[in-house]
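Single chain ahead, by itself, as structure tokens, in the form predicted alone.
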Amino acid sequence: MSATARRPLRVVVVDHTAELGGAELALVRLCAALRDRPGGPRVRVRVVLGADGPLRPLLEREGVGVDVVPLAPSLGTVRRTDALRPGADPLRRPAAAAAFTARLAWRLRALRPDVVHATSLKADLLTLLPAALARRPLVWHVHDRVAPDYLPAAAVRLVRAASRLPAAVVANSRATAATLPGPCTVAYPGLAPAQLRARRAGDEARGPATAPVVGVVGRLSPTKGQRELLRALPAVLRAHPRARLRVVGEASFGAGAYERALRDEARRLGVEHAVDWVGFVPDPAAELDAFAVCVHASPVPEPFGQVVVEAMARGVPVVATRAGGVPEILDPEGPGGGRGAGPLGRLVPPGDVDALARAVVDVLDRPAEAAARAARAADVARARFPVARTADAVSEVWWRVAARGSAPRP
């Protein structure tokens, strides 16, 4: 029996950021699920972050040790839409990357993990050489579609070529896996047990039918579709004048200008009186429970759509764009499968504001039909997306890679 079979597997997870994005919140849930597995933890996770921030205390609250290996802001704060674009501060980055490589390689040698797991696109690339220098096998966890409609063309070419170097690749959806050239293990970002519980008793009515709440949850970003939903709002208000839009989320990763543009757009459209700018909330369950409909309006194909699953699990009707990973969740004809029982949500073409408005109005016009659809969706979400299934899929990859003992070559 190997040494790794007799003791818990040691895994070091690397993330370039400590801001709270979908991948980071999924990491917290994954670590908690690994800790709480029946029979005790067979995997011991430690996390290395490229910066300090709100992710660190969330991980530490779950009993996860955290190290910070500082990544220069010239690398860490570059948005994925600007990655490798000409003129985007190319001179300082090689030196910053070299310094981070040396610091991370030293830290990995000291920690001596059985597996290194990179969990963001920047971390995937920046960890290749340090893992090789530390002679540790590397697993990539890809949470972004590596496609020209989601990333700059140069970044797509680089990531696709480099994706052949890790010992294994995990993707957050079939849609993400389809954008990579090699084999991937699909591990959907699962929800914690508390997220999979039905909404609180007494919330079934979701407020007065004459004042329905249309909600969107997610960081404020052009890829999340808040602008498209704002543009659909005038048509919604014509059908339901007392409706309110609640925008839950804050600008992060350098998207402050987008938030200002959104507020200007609401004033231009004359709908600012019907919009509540909620900001970031650590647990959106209470917000979701008040929604008559949760909208996922991304104009570009998104890799997965965690908020779609969160809303489904709470029994909230969903309107979402038919692109990327979302059809895997909602389309009864696709891998997400409603098992022939009918649609699990309303799907519309990405960027089609008129179709988005019609779908939202339809949900508000037909609440009983929407509630029945949402009840079916809740059953599917609770069966398909518990974080325990994510932990099983990811840890199986780690054990397989550790058994091979393979590492990327510098």
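On a predicted model such as this, the values are computed, not experimentally measured, just so you know. So that there is no doubt, residue numbering starts at 1 and follows the sequence shown.
Not on display, but discussed next: the form predicted in complex with a small molecule.
- Contact with the small molecule, judged by heavy atoms within 4.5 Å in the predicted bound form, is confined among 226 to 234, 162 to 170, 277 to 285, 303 to 311 to 303 to 311.
- Interface residue among 240, 244, 143, 122 relative to the small molecule in the predicted bound form, by the heavy atom within 4.5 Å criterion: 143.
- Comment: the small molecule is not present in this chain, but in the predicted bound form one of 9, 18, 394, 23 has a heavy atom within 4.5 Å of it, namely 23.
- Among residues of the shown chain, residue 189 is one whose heavy atoms approach the small molecule to within 4.5 Å in the predicted bound form.
- Residue 150 belongs to the set of residues with a heavy atom inside 4.5 Å of the small molecule in the predicted bound form.
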